[in-house]
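Read the single chain below, which is given as structure tokens and is the form predicted alone.
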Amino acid sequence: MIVRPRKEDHLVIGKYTGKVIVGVGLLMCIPLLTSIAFAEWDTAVDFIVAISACMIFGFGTQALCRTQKDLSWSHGLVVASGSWFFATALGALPALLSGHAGSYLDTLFDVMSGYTTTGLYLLQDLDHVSNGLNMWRHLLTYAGGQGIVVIALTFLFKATAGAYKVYVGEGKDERLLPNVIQTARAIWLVSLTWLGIGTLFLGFRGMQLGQGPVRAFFHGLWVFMGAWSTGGFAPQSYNTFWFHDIGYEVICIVIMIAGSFNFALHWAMWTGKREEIRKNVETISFFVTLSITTLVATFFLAQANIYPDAMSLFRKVFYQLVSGHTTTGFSTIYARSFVTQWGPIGLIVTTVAMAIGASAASTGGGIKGIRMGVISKALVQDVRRMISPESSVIMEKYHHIRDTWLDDGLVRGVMTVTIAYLTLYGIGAIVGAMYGYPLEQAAFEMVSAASNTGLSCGITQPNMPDLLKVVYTLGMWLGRLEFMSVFALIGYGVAVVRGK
């Protein structure tokens, strides 16, 4: 029997959803100030309208949903997924009011892409977007990488047991410190430190390339946000290809890889446990799969003789594969080059890298390196059991901050999420193929959306079918939250309608 949620359940979910939306409204103050600084008055008005909408919704919901009850696990999952829905609907207002979007659906697509650190976009005339709106686009990816719930936890939540449940609902499960509020603040400490260092390097390199100090700083800031959050947004339509500079690309690669690592790994190194980077199953998995995909792509593209020399070949292949594997989405080739130059093998190899993705509890998406590591260890364990005497006790362990022994429950959970990702990738690829796109291209684009990568082979455009926009938007949402909290939201809705 399905139990209908009680009034108290609605109140607690409404209260904490309101807190998250207030956090989104406060975040909009940064692009508002940017617009004022550059005298972009129309853009400033757009943000004032959007901030007002967030505050009315956020504080109004909290006023209507007064309760002292703490969050349960189901509440936390519903708040995490539901708040993303409302944050997307309200966060789309500045882009909608700007006149750079063809429809409200396009702005929902873009904002979901930002929050989920995907990087696909439908915004039109990107090269002439205001500084305020550009700041908002990149702030979306930067905040989304840490998690919009993490923002609320940092400033607006009390340190209760329920706070951890919302944190887990956003696809994170690492406690860097005993208290989840302290953990959220530690995540921001790591991210803001990297922000200062990365912006400095990119801004300085931009000035060396001829940009003025203000332009170099803002471009450096925005490109850093896109790289660190593995978000892929850039302030110009040609992405990082616009810079045509190997030095800029090297800095981006370092930031992309760092941003794709688990925050627990960052914190371990921050606190002096430097050996963790070579022992951790996620870093081992990442470098093994990155090496394999890079070698395969390099071999086949060398056979095709597309690039004039070995350095150009490696530079293009390694950058795109790092971008795909970290689920960043930066690119130094034209979107259609994946089809016209890289061909089916290049598309498939890049699709595999995107599908695997980055680290768990990081800014990245995809199946995640830790799951690939666990699946590999489980396979080794099964092979050892088959070739060992029946009386032998065969156990495998993996290292991720600490040693963990494999058991059937752990492996089953990993396989469940992995199968969910593969199913999502497959459904989206079939929908794309139904609209006439070649299957390998449709699979590339859907995997890019659902793994929160943002590379495109040219399918994602403002004139693509509306249903495909919806499918990609839902894929980004499901992939970023790793299914469970979205399933909880759907279950909650079913219980409201059909529960007794």
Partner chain sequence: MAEMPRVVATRRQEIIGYALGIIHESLWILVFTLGAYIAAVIAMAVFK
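Positions refer to the first chain, counted from 1. All of these numbers come straight from a predicted model, not from anything done at the bench.
Beyond what is shown, the protein has a form predicted in complex with its partner chain; the following relates to that form.
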Full three-residue contact with its partner chain in the predicted complex, heavy atom 4.5 Å, for A39, F86 and Y115:
no
By the heavy atom within 4.5 Å rule, which residue out of I197, V214, V380, L209 makes contact with its partner chain in the predicted complex?
I197
Sole residue of I257, I375, L406, L96 within 4.5 Å of its partner chain in the predicted complex, by heavy atom:
I257
Which of 415-423, 363-371, 297-305, 341-349 has heavy atoms within 4.5 Å of its partner chain in the predicted complex?
297-305
Using heavy atoms and a 4.5 Å limit, would one call V250 a contact residue for its partner chain in the predicted complex?
yes
Partner proximity in the predicted complex: F314 to its partner chain, non-hydrogen atom cutoff 4.5 Å:
yes
Do H219 and its partner chain come within 4.5 Å of each other in the predicted complex, heavy atoms counted?
no
Can any non-hydrogen atom of E390 be found within 4.5 angstroms of its partner chain in the predicted complex?
no
Residues of stretch 263-285 in contact with its partner chain in the predicted complex (4.5 Å, non-hydrogen atom)
H266, W267, M269, W270, R274, I277, R278
